[in-house]
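Listed next as structure tokens is one chain, alone, in the form predicted alone.
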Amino acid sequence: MIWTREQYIAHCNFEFTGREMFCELFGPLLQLEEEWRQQGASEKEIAMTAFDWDYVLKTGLPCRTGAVTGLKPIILEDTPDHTLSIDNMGRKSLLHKKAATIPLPLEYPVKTADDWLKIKHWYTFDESRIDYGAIESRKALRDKGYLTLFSFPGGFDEPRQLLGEEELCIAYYEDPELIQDMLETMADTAIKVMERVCDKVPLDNLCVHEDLAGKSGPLIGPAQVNEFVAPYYKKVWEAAKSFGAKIFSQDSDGNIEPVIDAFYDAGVNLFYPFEPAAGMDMVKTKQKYGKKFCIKGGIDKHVLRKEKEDIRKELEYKICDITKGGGTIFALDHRIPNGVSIENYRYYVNLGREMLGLPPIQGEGWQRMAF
């Protein structure tokens, strides 16, 4: 089913629209597509359009809030196993094709405060960040029921892209003024961009990408969130709300349990993808927090590699009175992993739809719901 912006916003804010939402966040890993072809999957199944996934009509606003470097990526070496390149931030990066989909930087542009000052202009405001010619088309889409999205740099993730994880964590203690200047600059630019674009097109969903956690927990604790990230989030969220935003969504893999309260206090009201393998349990979280925030994802992707009975147990646990009725967007917690048979995936889709009371599959289409 295609959801309108009004339905999606209501659902995310715990207003039951008469239907549960069952979607696919990211789709399959690239290697899985060939596995499915060999198992007899149709091209519509491989393209995800055969399963009638729920999704909302959406459009990103025509602007850029992150780094504008003017640098063009360069491929240094490309083999069947890896790609070595210089990315658009000037970093030498390595992609292990058989093990990852995101390249790993081998070096970073900022080592000192002076390095930051040399590239600070990447993040300062300029009118060229806005595509004024596209604003009317986005307004027309919103008038047709499309959800409008506005993304801004992560409070942890963007400094990490500049410093690297270890140096960033050290800088919180040894050079806090550097991190504060980075985030103040990014907040100033995001708000100035928003003021110009959202004066013409109302904003529905503020989006931020962090990926700040692993199985053992987050890379920063509540103290760092409260001191550095929360003031940044609050500035941008207050501006977003003034232009109509009702949803503030955060994308972070891993176990974010120790910092949920801090991020919620900073304005986040939708968390995803809620990875069970990292210890995230959407049912226990709903029991603890009630209707404070929406959860998107939460169904263990790895269970689809197991027996059908394991899939049934996972769905019976996750789809329950605690999670139904608005405020949950049921989905796998990330990309569909290799080793998931098309037979098991079909079983998961059909059983999930049955348990959620959804109508028979019409095969109408699909869009990623990771935003």
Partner chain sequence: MSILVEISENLQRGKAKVVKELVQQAIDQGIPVEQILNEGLLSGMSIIGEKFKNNEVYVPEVLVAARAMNQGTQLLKPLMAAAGVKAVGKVCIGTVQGDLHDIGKNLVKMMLEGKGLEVVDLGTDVSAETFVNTAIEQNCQIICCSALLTTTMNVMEDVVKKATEAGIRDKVTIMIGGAPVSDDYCKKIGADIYTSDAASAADAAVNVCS
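Residue numbers count along the first chain shown, from 1. Being a predicted model, the structure only gives us computed values, none of them experimental.
What comes next is about the form predicted together with the partner chain, which is not displayed.
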Practice item. May I ask you to choose, among Ile322, Met48, Val68, Leu29, the residue with a heavy atom within 4.5 Å of the partner chain in the model of the complex? Key: Leu29
Point to revise | Listed residue (Ala140, Ala100, Ile74, Leu117) with a non-hydrogen atom within 4.5 angstroms of the partner chain in the model of the complex | key: Ala100
Practice item. Verify the contact flag for Pro222: yes if a non-hydrogen atom of it lies within 4.5 Å of a non-hydrogen atom of the partner chain in the model of the complex, no if not. Key: yes
Review point. Could you tell me if Leu94 has a non-hydrogen atom within 4.5 Å of the partner chain in the model of the complex?
Key: yes
Point to revise | Heavy atom of Tyr172 within 4.5 Å of the partner chain in the model of the complex | key: yes
Check your understanding: Heavy atom to heavy atom, is Arg312 within 4.5 Å of the partner chain in the model of the complex?
Key -> no
**Study point:** Check all three, Leu104, Pro258 and Asn338, heavy atom within 4.5 Å of the partner chain in the model of the complex
**Key:** yes
Check your understanding: Which one, 300 to 308, 53 to 61, 40 to 48, 313 to 321, holds residues whose non-hydrogen atoms are within 4.5 Å of the partner chain in the model of the complex?
Key -> 300 to 308
